[in-house]
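In the form predicted alone, a lone chain appears below as structure tokens.
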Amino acid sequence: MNIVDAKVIVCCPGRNFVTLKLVTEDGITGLGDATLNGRELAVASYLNDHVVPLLIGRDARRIEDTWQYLYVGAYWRRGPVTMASVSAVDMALWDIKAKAAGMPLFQLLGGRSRDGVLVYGHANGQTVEDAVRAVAHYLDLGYKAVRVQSGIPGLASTYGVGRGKLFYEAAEPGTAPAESRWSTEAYLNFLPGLFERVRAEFGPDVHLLHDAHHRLTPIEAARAGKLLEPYHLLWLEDPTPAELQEGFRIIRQHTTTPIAVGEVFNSVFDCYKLIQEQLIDYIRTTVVHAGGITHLRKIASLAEMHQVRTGCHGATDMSPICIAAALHFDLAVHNFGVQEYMPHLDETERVFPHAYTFQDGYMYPGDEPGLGVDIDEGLAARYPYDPAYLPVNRRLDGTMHSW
């Protein structure tokens, strides 16, 4: 079952995506997502110039060997561009193997560990009352877990506050990133009141989450976690940049609010200390950024040994191919926690028809062979690449700060 063709497809049906399509000699196709928000063309070039030529003639069944060939064999390992490329190949090979077996991918991963995949949505608002209304909207849709973000008085823009009720896209079209301003002091003073209001409105049973988006120092994150303890969040996400993994010890010493981290991690080496020392509660590594299903399974196995659960990133900068791959992984892995799920725009849904569905707070990957996702290449061609960047962030005094 050798690979005879490989194609990189870049399109923008509402936002930019990079897709790898592999074809075997017996006509089986496999799809992989290689999207890297704001750096899509770098990944497309890496695939076209360095990876695709190495795939032609390789046995599509040798998934682990191909993964090691592209990772160990490249010498220059890791990094977001390399790992997004490796991830796309890995997804496509698993898609092919499951299609050849005539079964949905989760069956090859050991079968169901649960009936459905608990997901959370994003309730965003310019004000607290807007955020409360957004939470109510998600609960009406059947969600049982909701991430809550709100604008902060005195700040013109705030991470997580989107442009619609269901769709949040941070990347802005243009030739340079937009700039935001930030005040940690205003944020920490505002945050407890937001969740006090939400809990008062909706009671103790709904799962609430919040994303600090790497914006705090460890001791500031510890304060945030302490302030949020009365509202028993499911997690506080990305409280501080994880390059300093020792900083999470400070957070642990001061708060029992569960911590989630990892959407920007590229491999198990970015998180093994956090997992082994039980400094986090949820690992958020993604199929597209952390080496595909092959490597994500290894991260999950390490996490399971230390009672850390998975909570894969699932924003709209991952195509339906990656969402489907995550859902198959979530359904099979024992220590799954919760899956982020942001619905794509209608244009995206039409370019990437898929079998997965949402019902009453849970997602289901479907029973189609493989990942259960296709790409309409003709329609994709009608949506050419459109340059877009994630914002940058500065403190009120102009100092560059984590966005």
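Numbering starts at 1 and follows the sequence shown. On a predicted model such as this, the values are computed, not experimentally measured, just so you know.
Omitted here: the form predicted in complex with D-gluconic acid. The next part is about that form.
Just one of Ala315, Leu208, Val161, Ala100 comes within 4.5 Å of D-gluconic acid in the predicted complex, counting any heavy atom, and that one is Ala315.
This chain lacks the partner; the member of Arg78, Lys144, His295, His213 within 4.5 angstroms of D-gluconic acid in the predicted complex by a non-hydrogen atom is His213. Interface membership of Leu390, defined by any non-hydrogen atom within 4.5 Å of D-gluconic acid in the predicted complex, is confirmed. Using a 4.5 Å cutoff between non-hydrogen atoms, Asn37 counts as a contact of D-gluconic acid in the predicted complex. The shortest heavy atom separation between Asp330 and D-gluconic acid in the predicted complex exceeds 4.5 Å. Contact check for Met342: a heavy atom falls within 4.5 Å of D-gluconic acid in the predicted complex. Residues His122, Glu237 and Arg284 are all found to lie within 4.5 Å of D-gluconic acid in the predicted complex, as judged by heavy atom distances.
Comparing 334-342, 26-34, 356-364, 54-62 against D-gluconic acid in the predicted complex, the single stretch with non-hydrogen atoms within 4.5 angstroms of it is 334-342. Residues are counted as partner-facing when one of their heavy atoms sits within 4.5 Å of D-gluconic acid in the predicted complex; in 263-278 only Glu263 qualifies.
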